[in-house]
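Before any questions on binding or motion, here is one chain by itself as structure tokens, the form predicted on its own.
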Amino acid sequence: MASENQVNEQGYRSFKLGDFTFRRDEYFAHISYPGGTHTLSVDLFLRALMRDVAWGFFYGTVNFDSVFGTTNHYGTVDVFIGLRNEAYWKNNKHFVQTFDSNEIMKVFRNILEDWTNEGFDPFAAPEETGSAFGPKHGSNRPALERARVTAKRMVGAKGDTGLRREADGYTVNRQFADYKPEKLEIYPEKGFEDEVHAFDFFDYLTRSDVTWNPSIVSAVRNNLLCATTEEYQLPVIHGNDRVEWFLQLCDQIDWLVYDGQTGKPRARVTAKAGDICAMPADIQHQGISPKRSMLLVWENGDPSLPDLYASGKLKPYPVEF
């Protein structure tokens, strides 16, 4: 068993978190626990880990694959093997430990920093980044510590700093090169020239340098609208603890839907431009996007929702037909 901070012959450190040990070689991440060792491709592991860290463990469950993942209890986090996999828990082969959120965040950040090589960006599409494989060579802290572009008021309005501009390195993505920005017409009343503003939201999204990373673009109380661009596949299988709504803005995403507890396939949803679909509170889902697409996600951030769904006081789906 590798010990904390032990450096292997490929130059990578190992890390401990409770009874879990994380180590990697040139191709794979190995997660050891009292029941054995689970292995997954290191590029997939780092892409999932990047989002678990960036999202603060997100809503509900973040499955790195069909076996390993985390469940957020908003203050504590479960780290598990096989909890959402029927073959594991039916045979009592699953393993779960609960940690303080800050403790697990520190370990996960350290793994990301040590295991991410120069040129590899876990937030980028595969064609836009270097390789995660091979012996340790350099690092990519700028990618791991990428700061969100935040707006102080509507994007591009006077006094705002949230505009993605060509001069700041936010170029139009190669797969959105055919988009022609709209000509915007604004007719403010006299005296309101600094208060009335418009911007081309599609043009704004064409300049996103990350994939599968929803960013809040509108917030009204607990209602959060989150925009993102998607390419290849969602690096995690998200297990919901509330209903999510997806509005497909352009192109297409196929959603692979699984049972929330057993992991068994339940549906395949094809979302094309203009389609709206709801992901229930009792499922897991993963999206695949052959061409870079745009997605708008509506999240309800009400902290009481997980308990309401778990207790059966709310049905896991939004409507009955």
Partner chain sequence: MAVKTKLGSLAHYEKGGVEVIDDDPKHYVFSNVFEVASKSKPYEKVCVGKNIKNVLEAIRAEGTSPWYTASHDEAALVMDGTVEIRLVKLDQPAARDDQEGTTMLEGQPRGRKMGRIVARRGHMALLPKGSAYQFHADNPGVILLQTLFGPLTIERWAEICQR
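Positions refer to the first chain, counted from 1. Note that the rigid core is defined as the largest set of C-alphas that superpose within 1.5 Å between two forms. Treat the numbers as computed from the prediction; the structure is a model and nothing was measured.
In what follows, reference is made to the form predicted together with the partner chain, a form of this protein that is not presented.
Residue-level contacts in the predicted bound form: of 231, 78, 128, 251, one residue has a heavy atom within 4.5 Å of the partner chain, and it is 251. A single residue from the set 223, 97, 161, 215 has any heavy atom within 4.5 angstroms of the partner chain in the predicted bound form; that residue is 223. Comment: 240-248 is the region of 111-119, 140-148, 88-96, 240-248 lying near the partner chain in the predicted bound form, near meaning a non-hydrogen atom within 4.5 Å. For residue 309, a non-hydrogen atom is located within 4.5 Å of the partner chain in the predicted bound form, even though that partner is not displayed. Among heavy atoms of residue 198, some come within 4.5 Å of the partner chain in the predicted bound form. In the predicted bound form, none of the heavy atoms of residue 26 sits within 4.5 Å of a heavy atom of the partner chain. Shown alone here, residue 265 lies within 4.5 Å of the partner chain in the predicted bound form, counting heavy atoms only. Across the proposed site, 45, 102 and 172 without exception lack any heavy atom within 4.5 Å of the partner chain in the predicted bound form. Superposed on the core, the two forms differ at residue 152: its CA moves 2 Å or more between the shown form and the other one. Superposition of the core reveals a Cα shift of 2 Å or more for residue 197 between the shown form and the other one.
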